[in-house]
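There is one chain below, alone, in structure tokens, taken in the form predicted on its own.
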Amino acid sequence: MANTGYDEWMAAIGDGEGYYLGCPDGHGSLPPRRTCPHCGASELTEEPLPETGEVVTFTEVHVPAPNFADEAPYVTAVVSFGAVKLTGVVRDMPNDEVELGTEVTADTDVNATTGEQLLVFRPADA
């Protein structure tokens, strides 16, 4: 499966210019998309991703998948940025300090195991 648009989206996040795809009905989704997954609208526009989001669920991983072997233990979280929710790894804060409602920013970093780019969340007050 091609990831057309995903690499560009990750680069935008890393540059502090994150965005999501919005439809006329106010739904949000992430690239690559040609239609809204909620209503089927084909008029999608790039909307700025809010600077901060809120952790809505998380888990601390002690037994990672092979591609994250050098990251463990780590916290993976789902963060709400309003119209969209992103999943990534929490960085720059102790694992036991991550809570529901923690305010974070979206960024990119390098996966210690694979060397690939990774979506990460950092504390908003850092």
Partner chain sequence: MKDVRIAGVGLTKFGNLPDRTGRDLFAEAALAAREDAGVSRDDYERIYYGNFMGELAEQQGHQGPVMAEAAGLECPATRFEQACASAGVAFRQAVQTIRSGGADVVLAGGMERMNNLGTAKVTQSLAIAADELFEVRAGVTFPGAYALMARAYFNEFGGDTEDLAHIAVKNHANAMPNEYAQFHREITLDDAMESAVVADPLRLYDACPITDGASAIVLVSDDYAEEHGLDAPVTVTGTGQGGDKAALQDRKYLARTPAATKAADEAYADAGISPDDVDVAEVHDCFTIAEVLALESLGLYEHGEGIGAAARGETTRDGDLPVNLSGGLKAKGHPVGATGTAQLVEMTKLLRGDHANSDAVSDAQIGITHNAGGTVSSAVVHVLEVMD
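Just so we're clear, the structure is a prediction, and the values are computed from it rather than from any experiment. Numbering follows the first chain given and starts at 1.
We do not show the form predicted together with the partner chain, though everything after this point is about it.
- Although the partner is absent here, residue 48 lies well away from the partner chain in the predicted complex, with no heavy atom inside 4.5 Å.
- Although the partner is absent from this view, residue 106 stays clear of the partner chain in the predicted complex, with no non-hydrogen atom inside 4.5 angstroms.
- In the predicted complex, the partner chain sits beyond 4.5 Å of every heavy atom of residue 44.
- Put simply, residue 93 is far from the partner chain in the predicted complex: not one heavy atom of it is within 4.5 Å.
- In sequence order, 88, 89, 100, 116, 118 are the residues of 88 to 120 having a heavy atom within 4.5 Å of the partner chain in the predicted complex; the partner itself is omitted from this view.
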